[in-house]
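Consider the single chain below, provided in structure tokens and representing the form predicted on its own.
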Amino acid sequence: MKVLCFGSLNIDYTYQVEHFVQKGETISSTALQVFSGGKGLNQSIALAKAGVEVYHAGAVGKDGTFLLGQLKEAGVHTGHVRVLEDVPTGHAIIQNDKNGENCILLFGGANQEITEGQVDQVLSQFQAGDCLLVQNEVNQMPYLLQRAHSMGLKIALNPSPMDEKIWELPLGLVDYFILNEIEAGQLLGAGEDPQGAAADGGVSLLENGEKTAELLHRKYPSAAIVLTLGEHGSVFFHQENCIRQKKYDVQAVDTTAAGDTFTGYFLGTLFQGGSEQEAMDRAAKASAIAVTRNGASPSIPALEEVLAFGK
């Protein structure tokens, strides 16, 4: 099986701050670092480090050609990435606070210049049984999913960033949803807090997360649901099979690529023949390692590190 990640390529400008800037406020950052990033790039690198043959498709400007070097260094095939002459590479402005949390402002740039012709050309190199992994940071998503499904590719979707464009997608074609509790709640129409009153009535957040995953599976019955719950671990739900995965406790420094690392290692383990339980556990370990390091793609651990974690 080959995995195609058709997704974003960004230059990340990460500012260290005491707290996130508020409306009308001007603050000073204590440091600036520039990293390679974009959810697509991060997930491609995580897949490659997990041991999968992965191909990346997307677009960059001339200012972002160094991102292709980052992908190649990780073992990702980059022949399907277009370099545009007159459009800048997408970028992100990231605030990273003293607790290791972050907030992110995106500029699409070349990520929003995908054409139907590029989609057709790229997909012609894949076949039924291969997998397409997508996020929500490039354009032409409805066309991409329809074409991939018509060819018999498995589709994995990480619906982030969650915005109105998600509702333009043929979500019923998705085979794997990999998402957090906020995104799950929005897909269910539950507003921004799907946990609701989870702290009330003796209902734990994990139990509530399991219910959220089950409800999503009912709404999209052909899809497996992988739901991350932050400090409360994660849940896998498919055809009445529910797996509860604990979180591994570490001291977080930067959470920027934690979800992308989880996505890559979950799918990477599964597509190499691992069980859902093995995939969930390995993904949890990989994301735990990632949050102890600064940056997005540079924080993604190698497979050897993940296998040795906790021993």
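The structure presented is a predicted model; accordingly, all values stated were derived computationally and were not measured. Position 1 is the first residue in the sequence shown; the rest follow in order.
What follows is about the form predicted together with a small molecule, which we do not show.
Although the partner is absent here, Ala257 is a contact residue: one of its heavy atoms lies within 4.5 angstroms of the small molecule in the predicted bound form. By the criterion of a heavy atom within 4.5 Å, Asn42 is counted among the residues contacting the small molecule in the predicted bound form. Glu137 belongs to the set of residues with a heavy atom inside 4.5 Å of the small molecule in the predicted bound form. In the predicted bound form, at least one heavy atom of Gly38 sits within 4.5 Å of the small molecule.
No residue of the trio Cys131, Leu157 and Thr263 has any heavy atom within 4.5 Å of the small molecule in the predicted bound form. Only one listed stretch (148-156, 213-221, 175-183, 99-107) carries heavy atoms within 4.5 Å of the small molecule in the predicted bound form, and that stretch is 99-107. Residue in contact with the small molecule in the predicted bound form (any heavy atom within 4.5 Å), chosen from Leu229, Leu144, Ile225, Ala92: Ala92.
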